[in-house]
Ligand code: PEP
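The form predicted alone is given below as one chain in structure tokens.
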């Protein structure tokens, strides 16, 4: 199983020129690396500019929840799974804590997005994680179980193999306060137990689970070698070409 390294650029950079420079630097520097799968998730407006690395989208809209795909619809400002597929996108981030917080994305909406993305052939990267308050009150397991169970409601065993789970404790995102190796390992085990309960042990063992939250070149290797994760979801550090390349080459 290849190590999956996903770059979430969020709402960056601010110009097409900067975006192309960043992408080209990563593409050239990672050429020939075979044991790592690198996925770049830029803003929607830049997706059509890039080739040479796998692409992911930062979100998606759903057009139907009944497994009958509609090709288009009156949803101003939204982007459909079919549009992403046509651009060569392979992955899509769904349920990021920022979308849950700022866009009021619910577990029900996340579930609809996941099912339709799977139907189109996109691979969802489902983000889950607890807040600082939930962590301190001992609700981590409860939070993770609700998020995963609701997000995967109605997702069949045959589809589950195409889902990536990104464990991103909300309190660690963009704070510089990354989750410790021991706590990350414990959280990954909890997630696999939840998946095993939903499906079976085989699916739980083979599901790709990646970590995100203040990842940098100094802590990358520890996460990959000591926590049981299958990769990383990199935010701020992915906007610095040298730092992101260092993360990849440190594995």
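Predicted model, so just to flag it, every value in this text is computed and none were measured. Positions refer to the first chain, counted from 1.
In what follows, reference is made to the form predicted in complex with the named molecule, a form of this protein that is not presented.
Across the options 151-159, 110-118, 168-176, 84-92, residues that bring heavy atoms within 4.5 Å of the named molecule in the model of the complex belong to 168-176. This chain is drawn without the named molecule; in the model of the complex, the residue among 30, 207, 196, 214 with a heavy atom within 4.5 Å of it is 214. For the chain shown alone, residue 105 is not a contact residue for the named molecule in the model of the complex, no non-hydrogen atom being within 4.5 angstroms.
When the named molecule is considered in the model of the complex, residue 228 lies well away from it, no heavy atom lying within 4.5 Å. Shown alone here, residue 98 lies within 4.5 Å of the named molecule in the model of the complex, counting heavy atoms only. Taking non-hydrogen atoms only, residue 13 never approaches the named molecule to within 4.5 angstroms in the model of the complex.
For the stretch 214-241, the set of residues having any non-hydrogen atom within 4.5 angstroms of the named molecule in the model of the complex comprises 214, 215, 233, 234, 235, 236, in sequence order.
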